[in-house]
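The chain below stands alone and is given as C-alpha coordinates, in the form predicted on its own.
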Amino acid sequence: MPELHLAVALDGAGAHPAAWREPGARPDELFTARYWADVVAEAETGLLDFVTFDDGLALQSASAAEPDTRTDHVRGRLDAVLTAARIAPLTRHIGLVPGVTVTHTEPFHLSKALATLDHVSRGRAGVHIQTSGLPHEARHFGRREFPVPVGELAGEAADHIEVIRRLWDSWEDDAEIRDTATGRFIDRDKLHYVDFKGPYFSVRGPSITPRPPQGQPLVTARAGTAAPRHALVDLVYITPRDADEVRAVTTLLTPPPGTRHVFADLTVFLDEDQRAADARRARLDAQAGAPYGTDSAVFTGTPGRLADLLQEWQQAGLSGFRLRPGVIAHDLPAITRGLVPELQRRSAFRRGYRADTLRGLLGLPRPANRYATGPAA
(Lines give C-alpha, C1' and ligand atoms only; values in the text may rest on other atoms or scores of the structure.)
Protein backbone atom coordinates (compact mmCIF):
# COMPACT_ATOMS: atom_id res chain seq x y z
CA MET A 1 0.00 0.00 0.00
CA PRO A 2 1.19 3.57 -0.63
CA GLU A 3 2.04 5.73 2.36
CA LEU A 4 -0.82 7.49 4.11
CA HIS A 5 -1.34 11.24 4.03
CA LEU A 6 -2.30 12.93 7.31
CA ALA A 7 -3.69 16.34 8.15
CA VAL A 8 -5.14 17.81 11.33
CA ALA A 9 -8.08 20.18 11.72
CA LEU A 10 -7.47 22.94 14.25
CA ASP A 11 -10.20 24.87 16.02
CA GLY A 12 -9.78 26.64 19.35
CA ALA A 13 -8.68 24.23 22.08
CA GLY A 14 -10.01 21.16 20.24
CA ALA A 15 -13.10 19.52 18.81
CA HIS A 16 -14.71 18.68 22.16
CA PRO A 17 -16.62 21.64 23.66
CA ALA A 18 -14.97 21.07 27.06
CA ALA A 19 -11.44 20.96 25.60
CA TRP A 20 -10.64 24.51 26.76
CA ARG A 21 -10.98 23.43 30.41
CA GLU A 22 -8.36 20.66 30.14
CA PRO A 23 -4.82 20.95 31.54
CA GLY A 24 -2.50 22.61 29.04
CA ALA A 25 -5.33 24.00 26.91
CA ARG A 26 -4.11 27.64 27.29
CA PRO A 27 -7.58 29.29 27.06
CA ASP A 28 -6.07 32.71 27.76
CA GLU A 29 -3.92 32.37 24.61
CA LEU A 30 -6.44 31.08 22.06
CA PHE A 31 -6.48 34.43 20.26
CA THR A 32 -2.71 34.90 20.14
CA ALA A 33 -0.22 34.21 17.39
CA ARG A 34 2.02 32.35 19.87
CA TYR A 35 -0.64 29.72 20.53
CA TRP A 36 -1.22 29.00 16.85
CA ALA A 37 2.50 29.02 16.09
CA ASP A 38 3.09 26.41 18.82
CA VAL A 39 0.23 24.19 17.66
CA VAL A 40 1.29 24.23 14.00
CA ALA A 41 4.92 23.65 15.00
CA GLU A 42 3.81 20.49 16.83
CA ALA A 43 1.96 19.32 13.72
CA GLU A 44 5.05 19.97 11.59
CA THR A 45 7.18 18.00 14.05
CA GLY A 46 4.93 15.04 13.21
CA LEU A 47 5.62 15.50 9.47
CA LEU A 48 1.92 16.02 8.74
CA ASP A 49 0.92 17.08 5.24
CA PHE A 50 -1.12 20.09 6.28
CA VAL A 51 -3.27 21.73 8.92
CA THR A 52 -6.67 23.27 8.36
CA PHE A 53 -7.86 26.30 10.32
CA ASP A 54 -11.60 26.27 11.06
CA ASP A 55 -13.50 29.48 10.42
CA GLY A 56 -17.02 30.77 9.99
CA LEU A 57 -19.13 33.89 9.66
CA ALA A 58 -20.86 33.72 13.04
CA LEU A 59 -20.04 32.70 16.58
CA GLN A 60 -19.83 28.96 17.16
CA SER A 61 -23.07 27.37 18.32
CA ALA A 62 -24.18 24.07 19.80
CA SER A 63 -27.03 24.21 17.28
CA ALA A 64 -26.35 23.66 13.58
CA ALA A 65 -29.23 25.96 12.58
CA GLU A 66 -29.12 28.97 14.91
CA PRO A 67 -26.96 30.80 17.46
CA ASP A 68 -27.04 29.75 21.08
CA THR A 69 -26.52 31.68 24.31
CA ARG A 70 -24.06 29.31 25.98
CA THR A 71 -21.17 30.83 27.87
CA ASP A 72 -19.41 27.59 28.87
CA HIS A 73 -17.99 26.83 25.40
CA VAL A 74 -15.31 28.64 23.40
CA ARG A 75 -16.83 31.39 21.31
CA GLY A 76 -14.93 33.50 18.79
CA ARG A 77 -12.15 32.83 16.30
CA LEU A 78 -9.32 34.63 14.57
CA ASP A 79 -9.56 35.02 10.80
CA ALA A 80 -8.26 31.76 9.31
CA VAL A 81 -6.49 33.25 6.27
CA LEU A 82 -4.74 35.89 8.34
CA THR A 83 -3.74 33.33 10.97
CA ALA A 84 -2.23 31.09 8.28
CA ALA A 85 -0.33 34.05 6.83
CA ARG A 86 1.05 34.90 10.27
CA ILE A 87 2.21 31.32 10.82
CA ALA A 88 3.67 30.81 7.35
CA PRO A 89 7.11 32.41 7.98
CA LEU A 90 7.49 30.37 11.18
CA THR A 91 7.15 27.02 9.40
CA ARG A 92 9.07 25.38 6.57
CA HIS A 93 7.25 22.34 5.22
CA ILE A 94 3.70 21.87 6.45
CA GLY A 95 0.77 23.00 4.32
CA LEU A 96 -1.54 25.76 5.60
CA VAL A 97 -5.21 25.44 4.62
CA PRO A 98 -7.61 28.05 6.05
CA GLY A 99 -11.35 27.58 5.89
CA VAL A 100 -13.30 30.22 3.93
CA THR A 101 -17.08 30.54 3.60
CA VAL A 102 -17.49 31.49 -0.05
CA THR A 103 -21.24 32.15 0.17
CA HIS A 104 -20.63 35.73 1.30
CA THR A 105 -17.07 36.23 0.00
CA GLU A 106 -16.10 37.71 -3.36
CA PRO A 107 -13.86 35.41 -5.44
CA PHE A 108 -11.55 38.29 -6.43
CA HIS A 109 -10.76 38.97 -2.76
CA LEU A 110 -10.25 35.29 -1.97
CA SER A 111 -8.00 34.66 -4.98
CA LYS A 112 -5.76 37.55 -3.94
CA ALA A 113 -5.60 36.47 -0.29
CA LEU A 114 -4.71 32.87 -1.13
CA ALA A 115 -2.18 33.87 -3.77
CA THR A 116 -0.57 36.06 -1.11
CA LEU A 117 -0.54 33.15 1.36
CA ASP A 118 1.09 30.95 -1.25
CA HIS A 119 3.81 33.55 -1.87
CA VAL A 120 4.39 34.11 1.85
CA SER A 121 4.62 30.36 2.52
CA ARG A 122 6.61 29.66 -0.67
CA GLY A 123 4.09 27.26 -2.07
CA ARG A 124 2.31 25.72 0.93
CA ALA A 125 -1.14 27.34 0.71
CA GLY A 126 -4.53 25.77 0.29
CA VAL A 127 -8.15 26.58 1.05
CA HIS A 128 -11.08 24.68 2.54
CA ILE A 129 -14.15 25.85 0.63
CA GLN A 130 -17.25 26.16 2.84
CA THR A 131 -20.84 27.27 2.20
CA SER A 132 -23.53 28.64 4.49
CA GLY A 133 -27.28 28.82 4.12
CA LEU A 134 -27.91 30.17 7.62
CA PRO A 135 -30.10 33.29 7.81
CA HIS A 136 -28.36 34.65 10.93
CA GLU A 137 -25.00 34.57 9.10
CA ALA A 138 -26.53 36.24 6.03
CA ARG A 139 -27.76 39.09 8.22
CA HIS A 140 -24.15 40.05 8.90
CA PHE A 141 -23.95 41.09 5.26
CA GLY A 142 -27.49 42.11 4.38
CA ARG A 143 -27.13 41.61 0.63
CA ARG A 144 -29.29 38.52 0.05
CA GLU A 145 -32.39 36.85 1.40
CA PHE A 146 -31.92 33.47 3.09
CA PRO A 147 -32.52 30.56 3.25
CA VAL A 148 -31.75 29.51 -0.33
CA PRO A 149 -31.80 26.01 -1.88
CA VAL A 150 -28.78 23.84 -1.11
CA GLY A 151 -28.27 23.31 -4.83
CA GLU A 152 -27.89 27.03 -5.30
CA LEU A 153 -25.21 27.22 -2.62
CA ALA A 154 -23.31 24.36 -4.28
CA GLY A 155 -23.59 25.95 -7.70
CA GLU A 156 -22.33 29.26 -6.36
CA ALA A 157 -19.39 27.51 -4.68
CA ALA A 158 -18.52 25.74 -7.93
CA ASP A 159 -18.52 29.04 -9.82
CA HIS A 160 -16.47 30.62 -7.02
CA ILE A 161 -13.80 27.93 -7.40
CA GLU A 162 -13.76 28.37 -11.17
CA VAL A 163 -13.28 32.14 -10.85
CA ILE A 164 -10.42 31.95 -8.33
CA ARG A 165 -8.65 29.36 -10.46
CA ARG A 166 -8.96 31.59 -13.53
CA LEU A 167 -7.66 34.58 -11.57
CA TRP A 168 -4.63 32.60 -10.39
CA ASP A 169 -3.90 31.86 -14.05
CA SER A 170 -4.45 35.45 -15.17
CA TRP A 171 -0.72 36.14 -14.69
CA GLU A 172 1.61 33.89 -16.65
CA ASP A 173 4.55 32.53 -14.68
CA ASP A 174 7.05 34.80 -16.43
CA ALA A 175 4.88 37.92 -16.55
CA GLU A 176 7.29 39.73 -14.21
CA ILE A 177 10.37 41.00 -16.07
CA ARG A 178 11.91 43.21 -13.36
CA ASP A 179 14.49 44.64 -15.75
CA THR A 180 15.91 47.80 -14.17
CA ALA A 181 17.98 48.62 -17.25
CA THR A 182 14.96 48.89 -19.54
CA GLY A 183 12.49 49.96 -16.88
CA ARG A 184 10.10 47.08 -17.62
CA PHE A 185 8.66 45.41 -14.52
CA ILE A 186 5.95 43.33 -16.18
CA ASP A 187 5.06 42.08 -19.64
CA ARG A 188 1.51 43.35 -20.03
CA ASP A 189 0.84 40.80 -22.78
CA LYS A 190 1.20 38.07 -20.17
CA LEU A 191 -1.61 39.38 -17.99
CA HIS A 192 -5.00 38.12 -19.11
CA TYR A 193 -8.65 39.00 -18.67
CA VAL A 194 -10.63 36.05 -17.31
CA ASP A 195 -14.01 37.37 -18.53
CA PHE A 196 -16.10 35.05 -16.38
CA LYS A 197 -19.87 35.52 -16.59
CA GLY A 198 -22.27 33.29 -14.72
CA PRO A 199 -25.44 33.42 -12.63
CA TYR A 200 -23.51 34.43 -9.47
CA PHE A 201 -20.42 36.34 -10.61
CA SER A 202 -19.23 38.53 -13.44
CA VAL A 203 -15.47 38.98 -13.13
CA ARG A 204 -13.20 40.45 -15.76
CA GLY A 205 -9.79 40.28 -14.09
CA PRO A 206 -6.86 40.08 -14.26
CA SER A 207 -5.72 39.57 -10.67
CA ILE A 208 -3.47 42.18 -9.09
CA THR A 209 -1.28 39.46 -7.53
CA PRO A 210 1.28 37.46 -9.55
CA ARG A 211 0.60 33.77 -10.14
CA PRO A 212 1.13 31.73 -6.95
CA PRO A 213 4.28 29.57 -6.61
CA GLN A 214 2.15 26.40 -6.86
CA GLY A 215 0.42 27.75 -9.94
CA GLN A 216 -2.80 27.16 -8.04
CA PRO A 217 -3.01 26.62 -4.27
CA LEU A 218 -4.68 23.41 -3.13
CA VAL A 219 -8.50 23.60 -3.23
CA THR A 220 -10.30 21.33 -0.75
CA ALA A 221 -13.96 20.87 0.15
CA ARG A 222 -16.30 18.47 1.84
CA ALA A 223 -18.18 16.17 -0.51
CA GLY A 224 -21.29 18.00 -1.61
CA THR A 225 -19.99 21.55 -1.11
CA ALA A 226 -19.43 22.09 -4.84
CA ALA A 227 -21.54 19.15 -6.01
CA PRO A 228 -21.87 17.70 -8.51
CA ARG A 229 -18.62 19.12 -9.90
CA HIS A 230 -16.11 17.47 -7.55
CA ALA A 231 -13.51 17.64 -10.31
CA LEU A 232 -13.14 21.34 -9.44
CA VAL A 233 -11.33 20.50 -6.19
CA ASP A 234 -8.00 18.81 -5.52
CA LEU A 235 -9.01 17.08 -2.29
CA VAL A 236 -12.41 15.94 -1.04
CA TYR A 237 -13.26 15.32 2.63
CA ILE A 238 -15.84 12.65 3.42
CA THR A 239 -17.42 11.54 6.71
CA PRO A 240 -17.78 7.75 6.62
CA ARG A 241 -18.63 5.65 9.68
CA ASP A 242 -16.98 2.40 8.58
CA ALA A 243 -15.01 0.75 5.79
CA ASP A 244 -18.18 -0.16 3.87
CA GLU A 245 -19.17 3.51 3.70
CA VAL A 246 -15.64 4.37 2.58
CA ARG A 247 -15.93 1.92 -0.32
CA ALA A 248 -19.38 3.20 -1.30
CA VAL A 249 -18.41 6.89 -1.28
CA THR A 250 -14.97 6.59 -2.85
CA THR A 251 -16.45 4.57 -5.71
CA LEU A 252 -18.45 7.68 -6.61
CA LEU A 253 -15.68 10.21 -5.99
CA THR A 254 -12.39 8.59 -6.97
CA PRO A 255 -10.85 10.29 -10.03
CA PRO A 256 -8.09 8.96 -12.30
CA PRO A 257 -5.01 8.03 -10.19
CA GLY A 258 -2.82 10.93 -9.13
CA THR A 259 -5.28 13.70 -9.90
CA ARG A 260 -7.12 14.15 -6.60
CA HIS A 261 -7.25 12.87 -3.01
CA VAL A 262 -10.13 11.64 -0.87
CA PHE A 263 -9.62 12.12 2.88
CA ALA A 264 -11.87 10.96 5.71
CA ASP A 265 -12.64 13.29 8.61
CA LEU A 266 -12.17 11.59 11.98
CA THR A 267 -12.30 13.03 15.51
CA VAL A 268 -9.83 11.31 17.85
CA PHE A 269 -9.40 10.86 21.60
CA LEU A 270 -6.11 9.01 22.15
CA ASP A 271 -4.45 7.49 25.23
CA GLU A 272 -1.93 4.78 26.03
CA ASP A 273 -4.66 2.29 26.85
CA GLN A 274 -8.35 1.94 26.04
CA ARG A 275 -9.56 2.41 29.61
CA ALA A 276 -7.77 5.76 29.94
CA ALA A 277 -9.12 6.98 26.60
CA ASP A 278 -12.71 6.02 27.52
CA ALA A 279 -12.39 7.63 30.95
CA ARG A 280 -11.05 10.89 29.55
CA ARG A 281 -13.81 11.17 27.00
CA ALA A 282 -16.43 10.41 29.66
CA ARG A 283 -14.97 13.12 31.88
CA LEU A 284 -15.07 15.62 29.01
CA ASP A 285 -18.68 14.72 28.27
CA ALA A 286 -19.57 15.21 31.92
CA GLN A 287 -17.99 18.67 31.92
CA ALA A 288 -19.88 19.60 28.74
CA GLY A 289 -23.16 18.26 30.08
CA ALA A 290 -23.82 16.02 27.06
CA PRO A 291 -22.15 13.23 25.06
CA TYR A 292 -19.90 14.49 22.30
CA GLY A 293 -21.35 14.03 18.81
CA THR A 294 -20.40 15.12 15.32
CA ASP A 295 -21.21 14.30 11.71
CA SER A 296 -17.86 12.53 11.32
CA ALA A 297 -16.78 9.28 12.94
CA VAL A 298 -15.25 9.48 16.43
CA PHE A 299 -12.39 7.24 17.50
CA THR A 300 -11.55 6.66 21.15
CA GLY A 301 -8.59 4.39 21.93
CA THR A 302 -4.88 3.87 21.48
CA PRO A 303 -2.59 5.07 18.65
CA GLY A 304 -2.01 1.44 17.68
CA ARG A 305 -5.73 0.74 17.24
CA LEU A 306 -6.14 3.98 15.35
CA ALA A 307 -3.31 2.93 13.00
CA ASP A 308 -5.21 -0.32 12.37
CA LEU A 309 -8.36 1.63 11.50
CA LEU A 310 -6.57 4.05 9.19
CA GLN A 311 -4.95 1.24 7.24
CA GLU A 312 -8.26 -0.64 6.99
CA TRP A 313 -9.99 2.43 5.59
CA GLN A 314 -7.06 3.15 3.29
CA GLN A 315 -7.50 -0.31 1.77
CA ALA A 316 -11.16 0.57 1.24
CA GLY A 317 -10.19 3.47 -1.00
CA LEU A 318 -8.89 6.48 0.94
CA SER A 319 -5.57 8.23 0.37
CA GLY A 320 -5.50 10.12 3.66
CA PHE A 321 -7.21 11.43 6.76
CA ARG A 322 -7.96 14.76 8.38
CA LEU A 323 -7.81 14.05 12.11
CA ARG A 324 -9.61 16.39 14.47
CA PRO A 325 -7.99 16.29 17.95
CA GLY A 326 -10.63 16.12 20.66
CA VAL A 327 -8.31 18.15 22.91
CA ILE A 328 -5.44 19.78 21.03
CA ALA A 329 -3.18 19.95 24.09
CA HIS A 330 -3.48 16.17 24.58
CA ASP A 331 -4.51 14.57 21.29
CA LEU A 332 -2.31 16.51 18.86
CA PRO A 333 0.91 15.30 20.59
CA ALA A 334 -0.66 11.83 20.74
CA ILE A 335 -0.96 12.00 16.95
CA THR A 336 2.52 13.37 16.30
CA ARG A 337 4.39 11.34 18.94
CA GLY A 338 2.23 8.22 19.16
CA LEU A 339 0.31 7.58 15.93
CA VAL A 340 2.98 8.81 13.51
CA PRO A 341 5.81 6.64 14.95
CA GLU A 342 3.44 3.65 14.92
CA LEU A 343 2.64 4.21 11.24
CA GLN A 344 6.33 4.70 10.50
CA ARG A 345 7.10 1.34 12.13
CA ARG A 346 4.60 -0.17 9.70
CA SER A 347 6.23 1.66 6.72
CA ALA A 348 2.89 3.42 6.26
CA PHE A 349 4.05 7.03 6.77
CA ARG A 350 7.00 9.13 5.69
CA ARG A 351 10.09 9.66 7.84
CA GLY A 352 10.85 13.09 6.45
CA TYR A 353 9.40 15.80 4.23
CA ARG A 354 10.17 15.11 0.57
CA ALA A 355 8.82 18.19 -1.18
CA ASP A 356 8.85 21.95 -0.73
CA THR A 357 5.23 22.63 -1.75
CA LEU A 358 1.89 21.33 -0.54
CA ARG A 359 1.09 19.97 -3.99
CA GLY A 360 4.45 18.23 -3.96
CA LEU A 361 3.75 16.62 -0.58
CA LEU A 362 0.50 15.25 -1.93
CA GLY A 363 2.00 14.12 -5.21
CA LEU A 364 -0.17 16.48 -7.24
CA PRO A 365 1.17 18.16 -10.39
CA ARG A 366 1.60 21.91 -10.75
CA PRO A 367 -1.27 22.98 -13.02
CA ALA A 368 -0.48 24.45 -16.42
CA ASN A 369 -1.61 28.02 -16.97
CA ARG A 370 -4.75 27.97 -19.11
CA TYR A 371 -3.95 31.29 -20.73
CA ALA A 372 -0.23 30.86 -21.49
CA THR A 373 0.90 29.89 -24.97
CA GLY A 374 4.69 29.98 -24.57
CA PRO A 375 7.17 27.55 -23.01
CA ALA A 376 6.59 28.93 -19.49
CA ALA A 377 3.03 27.56 -19.44
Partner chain sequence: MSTKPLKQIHLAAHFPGVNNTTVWSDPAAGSHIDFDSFVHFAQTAERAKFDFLFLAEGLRLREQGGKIYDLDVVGRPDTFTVLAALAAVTEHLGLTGTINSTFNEPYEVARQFASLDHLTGGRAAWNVVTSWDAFTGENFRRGGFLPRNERYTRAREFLETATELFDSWDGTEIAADPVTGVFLRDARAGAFAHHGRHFDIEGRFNVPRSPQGRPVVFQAGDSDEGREFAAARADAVFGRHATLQEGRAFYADVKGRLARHGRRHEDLKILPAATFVLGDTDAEARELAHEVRRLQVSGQTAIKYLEHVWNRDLSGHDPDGPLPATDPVPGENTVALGRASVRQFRDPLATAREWRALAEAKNLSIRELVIAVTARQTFVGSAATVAGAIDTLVQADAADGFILVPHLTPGGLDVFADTVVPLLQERGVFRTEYTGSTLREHLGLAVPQPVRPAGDRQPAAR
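Numbering follows the first chain given and starts at 1. The model shown is predicted, which means the values in this text are computed figures rather than measured ones.
Just so it is clear, the following notes concern the form predicted together with its partner chain, a form of the same protein that is not shown.
Distance criterion of 4.5 Å from any heavy atom to its partner chain in the model of the complex singles out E176 from the list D285, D242, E176, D278. Exactly one listed residue, out of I186, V150, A223, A248, brings a non-hydrogen atom to within 4.5 Å of its partner chain in the model of the complex: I186.
Contact with its partner chain, judged by heavy atoms within 4.5 Å in the model of the complex, is confined among 215-223, 265-273, 102-110, 302-310 to 102-110.
By the criterion of a heavy atom within 4.5 Å, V39 is excluded from the residues contacting its partner chain in the model of the complex. Put simply, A58 is close to its partner chain in the model of the complex: some heavy atom of it is within 4.5 Å. When its partner chain is considered in the model of the complex, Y237 lies well away from it, no heavy atom lying within 4.5 Å. At a distance threshold of 4.5 angstroms between non-hydrogen atoms, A62 is out of contact with its partner chain in the model of the complex. Contact annotation for 8-26: residues with any non-hydrogen atom within 4.5 angstroms of its partner chain in the model of the complex are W20, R21, listed in sequence order.
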